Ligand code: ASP
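Here you get one chain, nothing else, as structure tokens; it is the form predicted on its own.
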């Protein structure tokens, strides 16, 4: 009996020694590659924002961070994957404003944007632009509004798919002008922009990260930016309010999350790394080229993101419900 007890004690001691304490693991974090899930295809605005952030945070954490694109269903497939990931700090999630609008857009959402994620911090604010094909008749926003209302049966409005930032901006635009238009959803920003450049669709609302180079090259017309002030990359383009549509503002913000249950010390370390990354000169320069402005340090925190996400969910819910737009 004594021999049996001795063997059990030895086995238990070996188990304790072989399995490191979770607290020690947190102290050593990160000790392996971190993956950031982006719920959209590679090359899009959110992918660009995330890859620049991953590069800067890798330097701060002295650890490799890679981006995994998990697109589809307006970002909900990637969000579901992130929500179900192990909460150990090695799977993170970057999403834009669509994370706040998904509860209103989707009848059966397999996750809860607040309950199933740990907020780490906001990343940036980005403007959108209202743009049209090069030969569209309207020369400015005032003419565009008049033309659209007079020809609403034959004018079409493209977007990058249900739940995309361009879709949300389009809903807000139709609500603001009280005119329902034919909308053409695409599977991503790239295909929508390609058809706009080719003249197959009339106009769309899209992020400056995707439109700025085409605007500067004269390949598409631009009628306004959606921020409260003009953007540095397009200083000659008026805000939508200046151009004739008062109080039309929408910011395509991005934020960083972790799965629910990720230990607080790890969340705090990631938040500090995020804040350091947003001060990186190269990141600030690259974001500025995309008209994506890094947030102030006090907004790159779990508390700030938690409050912002809740307020955006409350803001967009009534707008989407009134528009009667839902996805299965």
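Numbering follows the first chain given and starts at 1. If you're wondering where the values come from, they're calculated on a predicted model, not measured in any experiment.
As for the form predicted together with aspartic acid, it is not shown, yet the points below apply to it.
Partner-contacting position among 110, 246, 198, 190 - heavy atom within 4.5 Å of aspartic acid in the predicted bound form:
Here the answer is residue option 190.
Interface residue in the predicted bound form among 123, 127, 160, 240, criterion: non-hydrogen atom within 4.5 angstroms of aspartic acid
Contact with aspartic acid in the predicted bound form is made by 160 alone.
Would you please decide whether residue 287 lies within 4.5 angstroms of aspartic acid in the predicted bound form, comparing each non-hydrogen atom pair?
Answer no; every heavy atom of residue 287 is more than 4.5 Å from aspartic acid in the predicted bound form.
Contact test in the predicted bound form: residue 166 vs aspartic acid, heavy atoms, 4.5 Å
Contact with aspartic acid, yes.
is_contact(residue 207, aspartic acid) in the predicted bound form, heavy atom dist at most 4.5 Å
Answer yes; at least one heavy atom of residue 207 falls within 4.5 Å of aspartic acid in the predicted bound form.
Indicate whether aspartic acid has at least one heavy atom within 4.5 Å of a heavy atom of residue 259 in the predicted bound form.
Result no; residue 259 lies far from aspartic acid in the predicted bound form.
Thinking of aspartic acid in the predicted bound form, which stretch from 149-157, 199-207, 231-239, 129-137 has heavy atoms inside 4.5 Å of it?
Answer to the contact question: 199-207.
Any chance all of 253, 294 and 299 sit within 4.5 Å of aspartic acid in the predicted bound form, going by non-hydrogen atoms?
The answer is no: none of the three residues contacts the partner (heavy atom, 4.5 Å cut-off).
Using the arrangement in the predicted bound form, list in sequence order the residues of 71-102 with any heavy atom within 4.5 angstroms of aspartic acid.
Residue within 4.5 Å: 96 only.
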